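Just one chain follows, in the form predicted on its own, and it is written as structure tokens.
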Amino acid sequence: MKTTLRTHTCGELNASNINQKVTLCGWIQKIRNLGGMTFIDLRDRYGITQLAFNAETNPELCKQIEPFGREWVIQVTGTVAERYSKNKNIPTGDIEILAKSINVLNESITPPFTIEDESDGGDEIRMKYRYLDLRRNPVKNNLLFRHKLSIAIRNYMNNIGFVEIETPMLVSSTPEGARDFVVPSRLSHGEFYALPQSPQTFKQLLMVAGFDRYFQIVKCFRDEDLRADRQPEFTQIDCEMSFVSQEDILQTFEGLIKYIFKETKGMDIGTIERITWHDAMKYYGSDKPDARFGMRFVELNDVLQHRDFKVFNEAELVVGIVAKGCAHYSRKQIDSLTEFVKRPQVGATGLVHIQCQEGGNYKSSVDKFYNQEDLAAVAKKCGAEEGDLILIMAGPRLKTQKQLCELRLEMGRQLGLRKAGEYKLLWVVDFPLLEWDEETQRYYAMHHPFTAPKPEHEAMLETHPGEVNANAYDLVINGTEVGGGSIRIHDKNLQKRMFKALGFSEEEAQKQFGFLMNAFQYGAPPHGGLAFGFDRMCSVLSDADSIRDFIAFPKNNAARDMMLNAPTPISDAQLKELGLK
């Protein structure tokens, strides 16, 4: 990477460069003074090269480097030589630079944590000094992977005819979905813009405009509680297509995902399996199941609701999983599982277990209610064998499914079944169009209000809205939803019916979405699309726990920027100018 200040980077020199005169620039990673010889590890984005200073042959240069410290920025000129003590852990480990001259480009105070792969800095301090954290290889490499992924996506999308179009960042607020970040207008006091949660309506308008295939790698904003896979600002791969069916969209973006895995991981993932939302909930208790391992749910109402056990008899759902080879679990281990499901994050009241012991015997926490024949019937239905452990939960269907899902994932973790580097992809299809909220006593769109119902379910929109399936789909990788979308409503009359099902009056619908409804009057084509979470995709493909690792300057769990100390109050003068004081 030749420039006017350097002839090479710190990651490219090797034995083929021996005896060449070179100039390098970078940051001092480490200094080792061994008396007659001093060694400096010089680091830049590309790697590390060892510099050698000989006190006998060049005492003045050794004197010059005495005050140097970690993270000083220097320029060094010297000759490439074979390294006596080679380092096989780095690409430049066969050589070193015999320094002839050195120039200090900038000094540095001692950094607050070590800039090494295994840093001694905690999360908060590293986020406060994020520009230093970005010098560390793990963080730097995450951003380089993000770059590689974005280039692969843009290349693929361009090659299949998609056009990247930017959409506005200042939009109107909408009542559906997560909370908006709002921006006060200086020119119209009392009125506010919102930052977009997604470019949803704009990409539909682009289909009306005839662009046919649109995509955008775009920043979006949601004012919601944070966790490892959420940030208040995040990036989507946003896509839309015209004149397509659901099958067309799944095929198109399955091609993209295959390409991404090939380009970034060197892996051929084959055909992505499909599962309906109903089956995902029935067998995994989640609409984003981790299918790297089995342990599928088995519903047990018919074999357990015939004895005098009130917990099971009164339950809407009795359901279990089989942990293979775990019948040996001690009382302490089983109690630990019980405590796990009782945690507030899971919310269960208890856990029933059956140990399938040698000789066809069964030991259970409900022995006084069920005999050996009963327990054998449960084992048979579950497909449990000698040496297996059956874990059973009961209660309201949806709540119990979610609780057993958490236990299944925990057992998968304990048994080493959720393996890093192993990927299981699923398309989850046929979601419910609407979900009922008890608190507000109304339906909400499970995805968004522009999602089309399955054509065969349209007639039930007014009569049985809770039974209508959506023409919607999600892509799930290893239990993480990385993207989702739907066929959109392109008929203004069907869109009006959808708004009515969601409790919108005609006036409210017109006020919020009149621009879209009006556009549909000018020949809207059938269209659909999806959006992938770009940050989330980066983390899943890298087997990382948090999307923060792939964002250059992320917020913490309190949605604060520790480096900028944002958000901050603004002055009275600014508030007055905005009409807020």
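Just so you know, these numbers come straight off a predicted model, no measurement behind them. Sequential numbering from 1, following the sequence displayed. Basically, rigid core = biggest C-alpha set you can superpose within 1.5 Å across the two forms.
Omitted from view is the form predicted together with another copy of the chain, to which the following refers.
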Would G533 sit within 4.5 Å of another copy of the chain in the predicted bound form, counting heavy atoms only? no
Given that the partner is absent here, does L541 sit within 4.5 Å of another copy of the chain in the predicted bound form, heavy atoms only? no
I'd like to know whether K30 contacts another copy of the chain in the predicted bound form, with contact meaning heavy atoms within 4.5 angstroms. no
Does the 4.5 Å heavy atom contact test between S172 and another copy of the chain in the predicted bound form come out positive? yes
Listed residue (H457, H448, H490, K399) with a non-hydrogen atom within 4.5 angstroms of another copy of the chain in the predicted bound form: H490
Select from the listed residues A420, L144, M267, L415 the one whose heavy atoms reach within 4.5 Å of another copy of the chain in the predicted bound form. L144
At 4.5 Å between heavy atoms, only one of the stretches 328-336, 254-262, 161-169, 292-300 reaches another copy of the chain in the predicted bound form; which one is it? 161-169
Since the partner is left out here, which residues of 120-142 would have a heavy atom within 4.5 Å of another copy of the chain in the predicted bound form? Y129, Y131, L132, L134, R135, K140
Large Cα move at A15 between the shown form and the other one, threshold 2 Å, rigid core: no
